[in-house]
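In the form predicted alone, a lone chain appears below as structure tokens.
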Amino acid sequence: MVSKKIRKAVFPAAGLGTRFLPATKAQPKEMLVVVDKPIIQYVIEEAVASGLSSIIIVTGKGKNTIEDHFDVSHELERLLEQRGKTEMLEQVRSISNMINISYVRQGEQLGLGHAVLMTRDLVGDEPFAVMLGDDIIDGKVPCMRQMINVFESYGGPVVAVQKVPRQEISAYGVIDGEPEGGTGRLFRINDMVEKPSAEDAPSDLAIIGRYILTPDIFDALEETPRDRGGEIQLTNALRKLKESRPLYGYQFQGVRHDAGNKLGFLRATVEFALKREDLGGPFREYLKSLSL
């Protein structure tokens, strides 16, 4: 059992979002809207629902709208109040009040590991979460809450994993692990392989954008050499950390939407629209009317 609770989550958001050009030419990928909320808000709402109290967003050039979105907008609030738009006013206020947010700037994009390393001073000497905005995970129990439960029982770093078809496995980091406990969802990791071929992949369990890390990851990142692309990879640091402590993979319960590519983004939009009380019925009827 661990003595320190997980309070903080790191959200890397300094990437250029080139897969969504030209939409991301002048706005952050994290601010692309699924129904009526930006991608980043879905993930931060997961953090809040998981019991976290602080978010550290790693930003870069052109990301000011992220800060604006979560900041207080006095002019907008005053206008909505004057017009009697009470429900909208509550929605706007809830965004700026949902969680404590800090920002750190990644001046040069040198990989996910480097982005995490940039948060060392703000994280301090305590375990923390890392949540990637490309993955919106919809579950009865938030994915991060499931992982926190695992961490509180086992005390070691945890990465989220999901079964992926072999023909798609080369796009992911993949774990080689042995079942741990009796749930069938937890694995003690022996090794991790970054983007293997279908033939060489040690399993069909791919690493998804949720992590719980311990503060010794920062020393491991400091000692991790850059790869051939000049980046510091989090996976390489985790492999180093595994030499000194157990590392776990957890197959979460829930539906993952890969909002980092256009097809996954469209699927997420449809799924979340259908779940809405105000939109689901009419939108479903519209879909039925299409000649496909």
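Bear in mind the structure is a predicted one, so any value in this text is a computation, not a measurement. Heads up: residue numbers just count along the shown sequence, starting at 1.
Below: the form predicted together with 1-O-phosphono-alpha-D-glucopyranose, not depicted.
Asks: Which pick from Ala220, Val130, Ile189, Ile208 sits with a heavy atom within 4.5 Å of 1-O-phosphono-alpha-D-glucopyranose in the predicted complex?
Replies: Looking at Ala220, Val130, Ile189, Ile208 one by one, just Ile208 meets the 4.5 Å heavy-atom criterion.
Asks: Though 1-O-phosphono-alpha-D-glucopyranose is not shown, can you say which of Gln41, Thr59, Ser50, Gln233 has a heavy atom within 4.5 Å of it in the predicted complex?
Replies: Only one listed residue qualifies here, and that residue is Gln233.
Asks: Under a 4.5 Å heavy atom criterion, is Gly173 part of the interface with 1-O-phosphono-alpha-D-glucopyranose in the predicted complex?
Replies: Looking in the predicted complex, residue contacts with 1-O-phosphono-alpha-D-glucopyranose include Gly173, since a heavy atom lies within 4.5 Å.
Asks: Report whether the minimum heavy atom distance between Leu112 and 1-O-phosphono-alpha-D-glucopyranose in the predicted complex is within 4.5 Å.
Replies: Flag for Leu112 set to yes.
Asks: Can you work out whether Lys195 and 1-O-phosphono-alpha-D-glucopyranose are in contact in the predicted complex, taking contact to mean some heavy atom pair no more than 4.5 Å apart?
Replies: Judged by the heavy-atom cut-off of 4.5 Å, Lys195 is in contact with 1-O-phosphono-alpha-D-glucopyranose in the predicted complex.
Asks: The chain here is shown without 1-O-phosphono-alpha-D-glucopyranose. Which stretch in 178-186, 200-208, 148-156, 84-92 comes within 4.5 angstroms of it in the predicted complex, by heavy atom distance?
Replies: Checking each option against the 4.5 Å cut-off leaves 200-208.
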